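This document opens with one chain alone, in structure tokens, the form predicted on its own.
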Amino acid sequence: MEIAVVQSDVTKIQADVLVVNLFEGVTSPGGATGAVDTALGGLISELISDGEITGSLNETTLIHTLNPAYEGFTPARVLVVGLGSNDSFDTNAIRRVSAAVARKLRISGVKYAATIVHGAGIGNVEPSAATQALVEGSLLGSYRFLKYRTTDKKRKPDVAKLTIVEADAGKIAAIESGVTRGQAYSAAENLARDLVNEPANKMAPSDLANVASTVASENGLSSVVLEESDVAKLGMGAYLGVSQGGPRPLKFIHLTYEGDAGNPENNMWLIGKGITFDSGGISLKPGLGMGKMKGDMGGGAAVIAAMQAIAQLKPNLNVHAVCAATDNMPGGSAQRPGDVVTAMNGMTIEIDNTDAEGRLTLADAIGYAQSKGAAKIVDVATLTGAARIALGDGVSPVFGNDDDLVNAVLETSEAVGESMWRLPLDPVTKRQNSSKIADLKNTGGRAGGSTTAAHFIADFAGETPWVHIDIAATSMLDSTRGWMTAGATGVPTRSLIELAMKMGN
């Protein structure tokens, strides 16, 4: 979807559909909606009076305006979208509304649409933030993964162009800034969605590495991909143990953005779990729903995709992305429950369950980051089914050892509408990872599964400021929810971008 910004009278804009808005409870529209109402001889006010337009959130009313009575009014149709209550209105409401509008326009076969910025008037949302939310809602809400749908002849195309119309010249610069950020954030999150939605036979570790290399080459990032022999020399026994059960070679991916090259200590490392298919290994998962395990590289997809936008938006911060990509398969050479492996930092791990593999790869990825001078680490992983039990599929649990970094992650996630909630790292659950034959076990049992997994990773983070985001429940949805469409959500790509922008401000 092409997005443009113009300074114009909304009644004179050339478009198949002009989108305006209305808050719930408003009986006499003002602003741009009021101007359209006046040009249409009070038609919108009449529909409000009749109860056909109420302004309730996501309500859409399409008005055909190809009528000689509306002389001088250029748009062929007007879509009035409800913004809901002004009291609860925020950027998330803008995203939801914009997503609903994008899908409505597609159903209506619209090619060229124009819109005002929702909430930048009486909604009291700053124009740049409101525009960014509008763009994100439009681009994320219209996302579809259609790569392998070859026989759907009746499918309607997306809107080709969306023009944002603003009469006030003083707001144009802020709106254009919002468009730039919204496009970068959305393109990155949609890239993460594409990667997670790919079937496992099309997304091997080498494929993920190729995508990362392309992102790097197109955006001025440096890229390193380590092979099995390389990681063996580094002593990544935990990572190697996971990979040994399958035939597809592992790929250790490292991307670097230098936004403050003169100060290498000003850095943040984004580490993503990259299991391109997780069978569970010898501790085999149940067959029902195993196909979704193609998405067990959702954390890796998020950190790679985030680097695309970070490189484009250029925060004053050095950002590294690491993904230890591999399959977890039950082949004849697979590691067994009861095995002991040695991580890069020298700690020994008893393999209690081979399906607790992601934390093993993260342990060595963190060790690698620390060997390179990591100042702050944020890891993202589709790690535990217990995350869904704890918080459902709308909120990602967060753990960490540094209050400032945890709070920064929570603040940025709230800003972009990717809900997270902090859970504690308590001393009682930590004891569940104790091993009688090694430094620790890779599982702590069923109780507090998300917390014991986080404790395991925390042992490798040590004193380095660190945050862990468990996206096992939020990485994929069975049905569309606002701007998050069914399938891969891309969470928490935009949160990572926002975090980098905040820290590099």
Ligand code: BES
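Throughout, we count residues from 1 along the sequence that is shown. The model shown is predicted, which means the values in this text are computed figures rather than measured ones.
What follows is about the form predicted together with the named molecule, which we do not show.
S.K.: Within 4.5 Å of the named molecule in the predicted complex: all of Lys273, Thr443 and Ala472, by heavy atom?
M.R.: Checked in the predicted complex: all three residues contact the named molecule.
S.K.: Looking at Glu418, Asp296, Glu136, Asp327, which is the one with a non-hydrogen atom within 4.5 Å of the named molecule in the predicted complex?
M.R.: Checking each option against the named molecule in the predicted complex, the one that comes within 4.5 Å is Asp296.
S.K.: Counting non-hydrogen atoms within 4.5 angstroms of the named molecule in the predicted complex, say which of Leu383, Met236, Leu105, Ala369 makes the cut.
M.R.: The residue from Leu383, Met236, Leu105, Ala369 that makes the contact is Leu383.
S.K.: Taking 4.5 angstroms as the cut-off for heavy atoms, does Asp355 touch the named molecule in the predicted complex?
M.R.: Close contact exists here: in the predicted complex, Asp355 approaches the named molecule to within 4.5 Å, heavy atoms only.
S.K.: State yes or no: in the predicted complex, is some non-hydrogen atom of Glu350 no more than 4.5 angstroms from a non-hydrogen atom of the named molecule?
M.R.: Residue-level check for Glu350: no, no contact with the named molecule.
S.K.: Using the partner position in the predicted complex, report whether Arg359 sits within 4.5 Å of the named molecule, counting heavy atoms only.
M.R.: Judged by the heavy-atom cut-off of 4.5 Å, Arg359 is in contact with the named molecule in the predicted complex.
S.K.: In the predicted complex, is there a heavy atom of the named molecule that lies within 4.5 Å of any heavy atom of Lys161, even though the partner is absent here?
M.R.: The answer is no: Lys161 has no heavy atom within 4.5 Å of the named molecule.
S.K.: Just one of 396-404, 86-94, 126-134, 383-391 has heavy atoms within 4.5 Å of the named molecule in the predicted complex; which?
M.R.: Of the stretches listed, the one contacting the partner is 383-391.
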